[in-house]
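Presented below, as structure tokens, is a lone chain in the form predicted on its own.
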């Protein structure tokens, strides 16, 4: 009995248990992802992405008691940092290690921490509608800033990323299509590119030097003059075409016309054996039948690397499942960090400032420091979610991080439960499920497209009103209140 008690009071016991719980959930989600349709894997990826962002909303809105309408803009910060570092950096600064997507995620998180610290410092002096106005300006302003720097941030069209296949690495789509032979997908220089450049080394290009004066190499008699041009006098009357020179139907005999008997039919073609190819194996083992090798016997240069093409058509790889696995991994890591913060000392500090800032200041807690730390953590999680969204969409554009995204995050956290990490997950499920529900209803009833596009927003609004009036604590808060009522306990719906 004493051993069990000592295990419960072990200093790292809470962290160990949280790691076990998150690890089990991670494994279960991976098994689920590998056994469902790819379409549902894409939905699972979106749920994990929304949950990652709303874990930060739980800390900022639920525990710290602040209002934020700009977390979508913080996701944009993470998405753009991820895209810019992935497309432009080949090695890790200072360290010099090979660059990959993990480093881009790390730098996206650092960008979120930096912006979160700045916004948190300003927000620490504000509250209520003034704080909401600040974050609303952030949500509107950040996407607009991207349009001011089209050369760097792509303007309204944004930055297109190449599909992140398992070989790793990200690059701009135009460079992936136009210069794939010069660099590999992870940003490293392809050793075969040197061979490809050397194939032009034997060409003598000295005669085509830029700026060469071609007139100096031509003698005066080689130049054309007006006397060399043909005029009307050079053509006689007999050289002109008349109506009599045109062919008519009378010039063709009956035997010259095509009939059905002249058309080729299936009987005129033999089987694949007539071509020296086994017809039974045609389309299954073409490489063996033709006795060719990729990039060698086809007459192509051996420097041409076709591995990227074969990976793209690898039937064993499904991009939706890969994206879901990546999003689940990030969501579980963020959930582990959030769980330890919420259940630890920092979580109690945030709750104390939320409930009574004056009393918290009396016991030595800095209300402004607590608010800034909540903004930093929330911005970190939002930036990571933005980096995940960039990989799901393979695109980073202002339209993907508009005001609607910030409002959706706030609606999701209110519906699921402001003070519960489980509520963040439920809110993420609702954000993904409600639009699909509306699409299904519109398809069955033949609703116009305009109604279908606006119906999810209407449902969000109605649900928020219903939750605020009937269940202030959201789904999780209401369920816990019912459980406590059955046990004879009382608890604030926001606790």
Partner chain sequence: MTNFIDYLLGGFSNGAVIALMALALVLVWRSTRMVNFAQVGQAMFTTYVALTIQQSTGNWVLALLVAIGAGAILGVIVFFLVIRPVKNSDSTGAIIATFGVLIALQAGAGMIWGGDPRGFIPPVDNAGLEFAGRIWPISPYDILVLSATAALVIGLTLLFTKTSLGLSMRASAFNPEVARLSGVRVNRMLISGWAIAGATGAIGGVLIAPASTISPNSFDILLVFAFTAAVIGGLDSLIGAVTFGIGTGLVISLVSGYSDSGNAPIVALVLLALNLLLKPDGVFGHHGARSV
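Numbering follows the first chain given and starts at 1. Note that the rigid core is defined as the largest set of C-alphas that superpose within 1.5 Å between two forms. Note that the structure is a prediction, hence the values are computed from the model and not measured.
Although not depicted, the form predicted together with its partner chain is the subject of the following passage.
In the predicted complex, residue 384 stays away from its partner chain, with no heavy atom inside 4.5 Å. Although the partner is absent here, residue 414 lies within 4.5 Å of its partner chain in the predicted complex, judged by heavy atoms.
Mapping the unseen interface onto this chain, residue 148 counts among the residues with a heavy atom inside 4.5 Å of its partner chain in the predicted complex. Taking the partner from elsewhere, residue 137 is found to have a heavy atom lying within 4.5 Å of its partner chain in the predicted complex.
With the partner omitted from this view, the residue of 93, 117, 129, 369 that lies near its partner chain in the predicted complex is 129 [heavy atom within 4.5 Å].
Exactly one of the stretches 80-88, 93-101, 360-368, 137-145 approaches its partner chain in the predicted complex with heavy atoms within 4.5 Å, and it is 137-145. Residues of 445-466 lying near its partner chain in the predicted complex, listed in sequence order, are 450, 451, 454, 455, 457, 458, 460, 461, 462, 464, 465, the criterion being any heavy atom within 4.5 Å.
Taking the rigid core as fixed, one finds a CA shift for residue 39 smaller than 2 Å between the shown form and the other one. Here residue 475 does not count as shifted, since its C-alpha moves by less than 2 Å between the shown form and the other one after the core is aligned. One change in the predicted complex concerns residue 464 and residue 354, whose Cα atoms lie at least 3 Å farther apart than in this form. The pair residue 468 and residue 43 is tighter in the predicted complex: their Cα-Cα distance falls by no less than 3 Å compared with this form.
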